[in-house]
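Here you get one chain, nothing else, as C-alpha cells; it is the form predicted on its own.
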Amino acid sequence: MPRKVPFSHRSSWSSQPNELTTLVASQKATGAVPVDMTLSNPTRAGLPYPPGLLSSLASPASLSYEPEPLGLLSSREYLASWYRARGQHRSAERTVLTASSSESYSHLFHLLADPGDEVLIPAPSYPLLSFLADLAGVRLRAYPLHYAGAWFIDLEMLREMVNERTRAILVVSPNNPTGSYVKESEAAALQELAQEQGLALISDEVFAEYPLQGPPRGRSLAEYDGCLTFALGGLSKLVGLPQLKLGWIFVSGPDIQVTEALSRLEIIADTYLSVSTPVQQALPSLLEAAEEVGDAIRERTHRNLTTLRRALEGTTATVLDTEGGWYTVLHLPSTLTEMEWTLALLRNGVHVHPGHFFDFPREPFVVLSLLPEPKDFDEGLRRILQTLEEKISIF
C-alpha cells in the first residue's frame, strides 16, 4: 500500500461547510435564491462602467515584456502623480506594484517576519488575514477595537501585547467591517509605539476613497515618516476592478530603513514577477475611470446606508457608526444568538454575515454590504424588518 502523502500543517484548514453555507447552498439548489446582502464584488452590483474601459489592455506596448520587480517605472510614476494631484505625497521610487492586496500582505509578512514571529491585527477584521499568515508561518494576535458610539483602538492593550516576537502592527483604515478610520491621534500613538519598539506599521487603505460621513476622519499613514510604514491600495476597490489584479505598496519612513525594505522587496517580487504587463501599461487609462466609478460606488453606499438607518429607527436593531468603506454592522437583540439570527434571516430569504466571521468579541452582530443594487437592498431590508418583527413578537 502506498504511503500517504504528507501535507503541510500550514494548509490544514477545515473545508467542512458550516450550517450557514449548507443552508445557502440548499436554497440555491431549490431555486430559492436569497437576497445577497454579503455582496462584495463590485462587478456584480450593477454599477455603470465607462464604455471602452478595458480597451487599453490591448496596447501594443504590452507585447514587450520588461520584468521590473517593483513594477514598470512609468506606471509607478503615473500612480504617484495621481495621488499627488489629490494632495497626497507619493514617490514612484518608494512604490511597489503587486498582483493584489493579498500579495502585498504576503510580501510584507515575508519581508518582516520569520516563522513564529507575530503581527498584531485589529479585531473585528477581515478573516483573509489568517490564511495569508498561515501560509507565511506568521502568528497573528488580535488587539481590540472598542465601540462607544464610535470605534476606537484600545491603545493601552495594544501596547501591552508587544513582545520580543512582535514585528509589525497592522491597521485597516477604514476597517472592514467596522468602517472606522484610524484617527490622527491614534496614528500618532501607533507611530510613537512603533518607533519605541522597533516595529513596522502596515496600513491597509484600500477603502480609503469611500468615506460615508463627509471627508475621511483620518489621513493615510503613508503621510507619516517617523517609522517604517507600508500603505496598501489597489484597483480592486479604487476602480471596482478586482479581476485586473493590481495592487500597490507605498513605503515611507526613515531613509535608511526604506532603502533596505525596498531592496529586500525587490528580491521578493523578483522571485514571482506576478504583475502582468498589460494591466501596468493600462494603469493611466484605468485610473482615469476612478472618479466616475468611485462616484457611482459612493452614491450607492451612501444611499443604502441612509435607507438602512431610516428604516431601522425606532426598531430593536441598531446601526453602528460607519465612517467609510462598503460595509456596515447591525447590533441585534440578544433574544436570539448571533447564529440563530443569521439563520432566521436566511430562512426569510436574506443572506448576511454573522459577526463572529469577523471575530467580533461578543454577539449578536451581523454585517451587511452596502453595494447591492437599491431594489435588492430594499427587498433585503424589508425581510430583515419582517424577521425582527416575527422574532421579537415571540417574546
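If you're wondering where the values come from, they're calculated on a predicted model, not measured in any experiment. Numbering starts at 1 and follows the sequence shown.
There is another form of this protein, the form predicted in complex with a small molecule, and it is not shown here; the text below is about that form.
Student: I'd like to know if I249 sits close to the small molecule in the predicted bound form, meaning any non-hydrogen atom pair within 4.5 angstroms.
Tutor: So I249 does not count as contacting the small molecule.
Student: Wondering, does S102 line up within 4.5 Å of the small molecule in the predicted bound form on heavy atoms?
Tutor: Result yes; S102 sits at the interface with the small molecule in the predicted bound form.
Student: My question is simply whether V206 lines the interface with the small molecule in the predicted bound form - judged by any non-hydrogen atom within 4.5 Å.
Tutor: Residue-level check for V206: yes, a contact with the small molecule.
Student: Would V172 show up as a contact with the small molecule in the predicted bound form if we use heavy atoms at 4.5 Å?
Tutor: Judged by the heavy-atom cut-off of 4.5 Å, V172 is in contact with the small molecule in the predicted bound form.
Student: Tell me, please, which stretch of 235-243, 111-119, 190-198, 264-272 lies within 4.5 angstroms of the small molecule in the predicted bound form when heavy atoms are compared?
Tutor: Selected stretch: 235-243.
Student: Heavy atom within 4.5 Å of the small molecule in the predicted bound form: which of T301, N176, T95, Q280 fits that? Just give me the one.
Tutor: Of the candidates T301, N176, T95, Q280, N176 is the one lying within 4.5 Å of the small molecule in the predicted bound form.
Student: Which residue, Y78, Y224, Y147, Y126, has a heavy atom that falls within 4.5 Å of the small molecule in the predicted bound form?
Tutor: Only one listed residue qualifies here, and that residue is Y126.
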